[in-house]
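What follows is one chain in structure tokens, specifically the form predicted alone.
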């Protein structure tokens, strides 16, 4: 992460904290005018008001819906919820890992999926979908220990740019999501990521990108083994899948890692992957909040949904709040140095 982005992130977090805990005392200006909006990138509509009312409700000590800090758990999907998922960022990273592996061993260059990665044949991966990516993940992960893998992730983000937006990937995070994360943390929430992406990949970038630390990330994982290599004990991934963290499995892994139903969950429509954890959150005793992003802004981001509208239909049935990118978000991406 560049120095300018670090400074901007810190300024954003401090501003959000001040907005949540204090008012500027300026003579002649009303309290409402003095209050700083913690969600400036959100349109002043029903969703924003619901979020602010919910947070006020569960943090008002002595109130009927007060929730102690230990139970203020907020869980966010990653791809399509915290940053753009078209194309899948980890897929681009995997393709780079395949190219790096082929450089180390040129004999791999004529084999798939290495050949497709070298030739930037996106159609190959898009046709094969998750299956070919899973093959690629297995082949690349088993070559690296955890520390080497983290270094590969950092190297990727140091130079890679989004192929459509032509900006560094840190500028493809959603500004409204960053503001919501900060707003919740300033009000005593612990924020988690629960995504279908690889847990090690997300842990290597989630702190810099979102302020979400490694122990607050839940994702797809492969079984690991402890080996002594050159006198040093290291964890090495195997090719055996441990858990594919998607759909209903997200709720299972939230219970495994957190041990309680989330108070708030935010996911997105597009792959029907978040319905399970949104419903799991809603099943908790007492007040809860479920947010679903509708990718309906082709002009500023990308427009897509499931063929059967499963996520949006579930939101309508269960009374979840649907976030319209087009109408509810004044700004999509943060500004930064290109």
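So that the term is clear: the rigid core is the largest set of C-alpha atoms that superpose within 1.5 Å between two forms. Positions refer to the first chain, counted from 1. Because the structure is predicted, anything quoted here is derived from the model rather than measured.
A second form of this protein, the form predicted together with another copy of the chain, is not displayed here; the remarks below concern that form.
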query	finding
In the predicted complex, residue 299 touching another copy of the chain (heavy atom, 4.5 Å)	no
Proximity of residue 279 to another copy of the chain in the predicted complex, heavy atoms at 4.5 Å	yes
Heavy atom of residue 127 within 4.5 Å of another copy of the chain in the predicted complex	no
Exercise: residue 251 in contact with another copy of the chain in the predicted complex, heavy atom 4.5 Å	yes
Stretch in contact in the predicted complex with another copy of the chain, which is absent here, among 98-106, 111-119, 178-186, 69-77 (heavy atoms within 4.5 Å)	69-77
Among the candidates 209, 156, 192, 174, the residue which, in the predicted complex, approaches another copy of the chain to within 4.5 Å (heavy atoms)	192
All of 233, 258 and 275 within 4.5 Å of another copy of the chain in the predicted complex, heavy atom check	yes
Contacts with another copy of the chain in the predicted complex, stretch 284-313 (heavy atom within 4.5 Å)	285
Residue shift check between this form and the one not shown, rigid core fit, residue 104 Cα at least 2 Å	no
CA of residue 232, rigid core aligned, shift of 2 Å or more between this form and the one not shown	yes
